[in-house]
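What follows is one chain in structure tokens, specifically the form predicted on its own.
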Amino acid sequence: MDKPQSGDIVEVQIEDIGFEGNGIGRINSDFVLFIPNTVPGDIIKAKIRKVKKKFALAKTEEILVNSPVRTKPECSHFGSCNGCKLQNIDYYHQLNIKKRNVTSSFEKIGVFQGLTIPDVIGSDNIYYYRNKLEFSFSNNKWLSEEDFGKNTGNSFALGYHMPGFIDKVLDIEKCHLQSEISNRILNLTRDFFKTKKESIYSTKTSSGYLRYVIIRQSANINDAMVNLITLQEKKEIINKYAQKIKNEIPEITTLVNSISTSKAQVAKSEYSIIIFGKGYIEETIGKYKFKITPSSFFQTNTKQCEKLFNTVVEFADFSKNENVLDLYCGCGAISLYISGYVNKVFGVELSEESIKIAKENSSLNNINNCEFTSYDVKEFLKNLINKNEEKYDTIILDPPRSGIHPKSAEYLLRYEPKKIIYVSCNPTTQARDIKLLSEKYEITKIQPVDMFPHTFHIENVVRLDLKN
């Protein structure tokens, strides 16, 4: 047969892992199969599930030969949960996979040839490394692959959303990405509200009380926050919940109840009520302290974040008379971290909340050479090239996964800073953007940093220098 049919059983060897963490194999010499939970080197029997024009999706029926890099996952939810797709692969080999993915992005998307990509800087902690986890409430619990598309009725679940479903949630008992305290909070929260028979928000009716619980913890300070996101205020039930967690998990330093009436299934809120504690936590990176509010962005792997920031400092090779523009600065973490190496830093971020926190963080650390403004980055660069003001020697880019706007690249080319340090959590959009900038800039340094062990995500730092 030239192309497999849905339901066919085929034997295939897994050759590689794709960006989404699915194993890649080939049949009939060049027809590609994507198979979840497989490892390079596995030889398996696979069942074809869905056939496309040039590839097919399949699932493992039987492992005939185990790959030498296959390892036993720690988590009992592995295979159902969509989080740690690489947990069945030896960590050293995970780093090699991520290095290949960075190389592939720059060669195929950026069309850069002859680049030497160094080994990925690995994480010292490969479990319990996250400082933030977000869990969803649902009355439509995921049971198994066999219940695909079925509504499981009034089943109380608190865990992670299943891909492709609006309200179906995998009930999580223990996640290996955050601390044991986090798992205690998760299970207490489920048991408390389930016992109270409290309602769960439904997208169909736009009603129901419970929506999300977000747990944030400091790695270097004994601070822990629980942020319960609900449709409306219910003082009696939230006060009982507060008393319960105070009594049973004294490590929690603050509880916040955030209110969200939006129909969108995203964990954002209109306002927050501090139930007890400060309403925020604090964290340190190096010698700097940061305030983290319920809604502020902060790098989720604190220990590895210091390695990332040190890479930025090393690549930039700052001088004391240097002026730096930090674009997409968030709560000012990079700006403050580099402040002691330079003359001054100016941070730009669209979110007014993040800029407010950045200014507070600057005051918290008694730093007086950092300024921040809330502005769209593209519009800020547009205005910058039309003004005859003090020149920024270095520009730091740390955009969201979608990368920078093409107009921003155009304005950067016109502004011509001496060097650009581009930090990205998505090498594919990073390579695309740097291809645009390569008209006037050349890559002089590159370094992947693994912030997210067991996932296919990778952070990458690139230094670009203005061509002579």
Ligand SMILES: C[S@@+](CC[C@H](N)C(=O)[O-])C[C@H]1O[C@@H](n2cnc3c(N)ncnc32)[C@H](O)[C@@H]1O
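Note that the structure is predicted; figures quoted are calculated from it, not measured. Residue indices: 1-based, along the sequence shown.
We do not show the form predicted in complex with this ligand, though everything after this point is about it.
**Q** In the predicted bound form, does Y375 come within 4.5 Å of this ligand, counting heavy atoms only?
**A** Output for Y375 is yes: heavy atoms within 4.5 Å of this ligand.
**Q** Does this ligand get within 4.5 angstroms of any non-hydrogen atom of E283 in the predicted bound form?
**A** Outside the cut-off, so no.
**Q** Residue-level contact is defined here as any heavy atom of the residue lying within 4.5 Å of this ligand in the predicted bound form; does L336 satisfy this criterion?
**A** Contact with this ligand, no.
**Q** Quick check on T189: any heavy atom within 4.5 Å of this ligand in the predicted bound form?
**A** No, no contact at 4.5 Å.
**Q** In the predicted bound form, do F297, F309 and Y328 all reach within 4.5 Å of this ligand through at least one heavy atom apiece?
**A** All three within 4.5 Å in the predicted bound form.
**Q** Which single stretch, out of 99 to 107, 202 to 210, 375 to 383, 126 to 134, brings residue heavy atoms within 4.5 Å of this ligand in the predicted bound form?
**A** Of the options given, it is 375 to 383.
**Q** Looking at E322, D398, D223, D167, which is the one with a non-hydrogen atom within 4.5 Å of this ligand in the predicted bound form?
**A** Here the answer is residue option D398.
**Q** Looking at V313, I181, L350, L364 here, can you tell me which has any non-hydrogen atom within 4.5 angstroms of this ligand in the predicted bound form?
**A** By the 4.5 Å heavy-atom cutoff, the listed residue in contact is L350.
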